[in-house]
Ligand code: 5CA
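Shown next as structure tokens: one chain only, the form predicted on its own.
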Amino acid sequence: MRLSKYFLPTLKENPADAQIVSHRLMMRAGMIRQAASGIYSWLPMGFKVLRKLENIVHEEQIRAGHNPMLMPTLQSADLWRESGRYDDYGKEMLRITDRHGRDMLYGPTNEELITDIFRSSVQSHKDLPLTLYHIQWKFRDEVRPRFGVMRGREFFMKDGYNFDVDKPSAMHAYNRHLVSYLRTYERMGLKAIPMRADSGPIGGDDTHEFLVLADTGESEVFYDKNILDLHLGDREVDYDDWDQCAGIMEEWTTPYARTDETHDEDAFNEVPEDRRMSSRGIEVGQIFYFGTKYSDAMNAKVVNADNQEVPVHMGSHGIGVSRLIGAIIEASHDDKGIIWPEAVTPFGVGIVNLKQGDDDTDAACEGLYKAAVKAGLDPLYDDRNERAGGKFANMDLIGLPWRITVGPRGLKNGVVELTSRKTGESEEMTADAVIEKLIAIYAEV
């Protein structure tokens, strides 16, 4: 993409109403614009990152054997009355009446709707286990929306639902989701810690939140610092292997890690003092097992192997896809702007032309741009007739991991400059060598 043809309305000053780093930088980098309180338009660069995160979530869900689908944003209030949650959910639910007087709602979550879909389609244990999920916009009418996409009213979320014949099978689904989430966050360049949490209005006794450590996090968290050394990496996982999934669950949940709602001071004090840590955390996902709560209320049953009709065991599992962008920025930025991990960057490399209009410099930039496109590096070429300082500041603000700087002085020596946004280190090399190096870097992502 050529920057002269791209819609990237960056801001030089911080918006007055932006209280945290991610909100300030997303506004300044031209990723979002507020449409109403807690509701944002996603501009081209923000939308591009959102789609990258969505694709990673889809890939890891499908790898775990889960079925993608799509449910509507509006739901019938009758289903929520059937489960007993319509009156209990509170003012966060946006309630709507259609032209025929039917009560509707803008879905904050989908347990009722997915249970209705399941009970109308599945009758036998032979069709289980089954996990269905979608990635869809949700709405919760927060009393005080703030922090940009971190605590908005409209948000983009992956929510999935497992159906199993009994509790052991459902707990395997719970473990399987924990493993798939760990892999998802690692692919995004995030360290998300699973922590014992409170279930809130979803319900159920077993639940873990995934939190990214950041000073601006809304939750106070307590953890054994040894958990920071755990990584899935390239480990091969068989999601049908109950023992392997349970083993990974045990590995990640044995070290103490809890949110303030479930914090146990006595248990925490059993952790060696030098490993006891407290911080703030940003919630980016949560998994639940709630047994037969919804299947009992909504009569969702299957015939088991003994030819008995039993309620299915269920769980739900969410990832805040739009919120993840804010979390990534909170965890990866400096005073100049965003620092994107390679896996989620909107563009793989930025190309800066230091002397727009100079025949040799223009030709070199065009050659680099075409080579980068051909190599699949998705470059952003700053071909504007602007000062070099402004171009550098803009690249630092939007945070692309790598920048290629092309100027007359370097070209006389047959080199261009490759700069890492994360370290600030620069290296001079030939144009061909730059492309080869970037291809190798992104091959490992």
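Just count from 1 along the sequence shown to find any residue number. Remember, it's a predicted structure, so these values are computed and weren't measured experimentally.
A second form of this protein, the form predicted in complex with the ligand, is not displayed here; the remarks below concern that form.
Relative to the ligand in the predicted complex, residues Thr10, Tyr381 and Trp402 are all farther than 4.5 Å at every heavy atom.
Among residues of the shown chain, Arg176 is not one whose heavy atoms approach the ligand to within 4.5 Å in the predicted complex. When contacts are judged by a 4.5 Å heavy atom cut-off, Val149 counts as touching the ligand in the predicted complex. The closest heavy atom approach of Tyr106 to the ligand in the predicted complex falls outside 4.5 Å.
At the 4.5 Å threshold, heavy atoms of Asp206 stay clear of the ligand in the predicted complex, well away from it. Residues of just one listed stretch (96 to 104, 219 to 227, 150 to 158, 302 to 310) have heavy atoms within 4.5 Å of the ligand in the predicted complex: 150 to 158.
Of the listed positions (Asp164, Glu283, Glu330, Asp116), a single one reaches within 4.5 angstroms of the ligand by any non-hydrogen atom in the predicted complex, namely Glu283.
Of the residues given (Pro346, Gly320, Gly337, Gly291), Gly320 alone sits with a heavy atom within 4.5 Å of the ligand in the predicted complex. In the predicted complex, Arg140, Glu142, Val149 are the residues of 129 to 149 with at least one heavy atom within 4.5 Å of the ligand, listed from first to last.
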